[in-house]
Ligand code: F6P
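As structure tokens, one chain now follows by itself in the form predicted on its own.
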């Protein structure tokens, strides 16, 4: 079925034409209840959708499009662990990592893998994991790339300063600089290298791991490197062939996609930095959002509504990008995390059956932390020749914080959302006309997402919210959101070059 040929799609095209003169300032002024009735909640996260280019009729038509795409059935298949990743013939069952599935065997395996990783993290934090010379491990260098790095990097930073005694470093780039910085000042006898790779064939990760082992051997030639190398992978035999002892190999199932692996033992850096209890809370927040996605009625289902908005802007307004601006320095890695989540999942040119698509799919996702972004990209957002919808992400605790800069941070986010939506209409009359170069037209959409606080539960819910949003868009675009074949050609060409 071509979704763009359905009556639901065509009704949205007509509706979009009818909104050609729609103005957000007028809608917000003429519908006082809009700001209240367009607020939605899921697992403690609140989202204000009132500043979007949409009406009640828009939601009705978008929900009809979701039905036309059989979204409820695809959601059932996702959480039941059916093989919805058709090109690889496997489930995309990341929800089973935080919401215990009905399959007892799978649930038991997931729990065993998690507990083994968390026990190891607790032992590291307690100084009970010793290197080859009997000294406790004091520095952990986690090496991964893509999903093996972005999720742990985001969450580790989002939860604030590490609470344990272990110095943690995350390394992804094959550029030697990042690993050199991580190893600077470290002692080989008290350093553990952790290679994180689902396939354990990822070139960048293995090359960096080899370089780290070479560093160990050059500075402590007599050291047994096997006591200083751990691995997290779905291919334990490859990790052992690389030189990792079986006791330091942590595993997860092949149906765990790389960009969804933060919930698996790949989340070890989080548990090392913030403790096993924080990791459990992360899972609990994600599980709460999973329940909302499955149980909430469509008209109040936040990930569904956000996914529908994404399709609305890409396919009916012609938007090619979406900005994500977290007004929290601790969420500074969120844009990079979402770039992979959304663009790798839905940046596809053919449908699930391999037929070329006649409509656009994933937009470019980009962003920077506020207020830094206000002094770099907001000129484009306010006065550029085309608009990019914006996700503002912040924490409610900032609004009444004892720290005045946090209160300013929160006020800045609200002011920028109003400026985008209302433009000059948001300002008090000055009595004089502005020159055109100074005029801000407004009518530029944004979604305002507020976490209650920056804790593990809320961060887990936020990531699950965006996962399900991405899934909804993939279903409507009729693509397989769980493969990434476009990544492979570069790897193949590199092999050709290296082979001469």
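Everything quoted here is computed from the prediction, not taken from an experiment. Positions refer to the first chain, counted from 1.
A second form of this protein, the form predicted together with 6-O-phosphono-beta-D-fructofuranose, is not displayed here; the remarks below concern that form.
> Just one of 116-124, 145-153, 403-411, 175-183 has heavy atoms within 4.5 Å of 6-O-phosphono-beta-D-fructofuranose in the predicted complex; which?
Replying inline: The contacting stretch here is 145-153.
>> Would you classify residue 202 as touching 6-O-phosphono-beta-D-fructofuranose in the predicted complex, given a 4.5 Å non-hydrogen atom cut-off?
In response: Yes, residue 202 lies within 4.5 Å of 6-O-phosphono-beta-D-fructofuranose in the predicted complex.
> Counting only non-hydrogen atoms and a 4.5 angstroms cut-off, does residue 259 reach 6-O-phosphono-beta-D-fructofuranose in the predicted complex?
Replying inline: Flag for residue 259 set to yes.
> Can residue 197 be called a contact residue for 6-O-phosphono-beta-D-fructofuranose in the predicted complex at 4.5 Å between heavy atoms?
Replying inline: Because a heavy atom of residue 197 falls inside 4.5 Å of 6-O-phosphono-beta-D-fructofuranose in the predicted complex, the answer is yes.
> Is residue 391 close to 6-O-phosphono-beta-D-fructofuranose in the predicted complex, meaning a heavy atom pair under 4.5 Å apart or at it?
Replying inline: Looking in the predicted complex, residue contacts with 6-O-phosphono-beta-D-fructofuranose do not include residue 391, since no heavy atom lies within 4.5 Å.
>> By the heavy atom within 4.5 Å rule, which residue out of 329, 251, 340, 383 makes contact with 6-O-phosphono-beta-D-fructofuranose in the predicted complex?
In response: Only one option qualifies, and that one is 340.
>> Going by heavy atom distances of 4.5 angstroms or less, which of 189, 418, 290, 344 would be at the interface with 6-O-phosphono-beta-D-fructofuranose in the predicted complex?
In response: Filtering the options by heavy-atom distance leaves 344.
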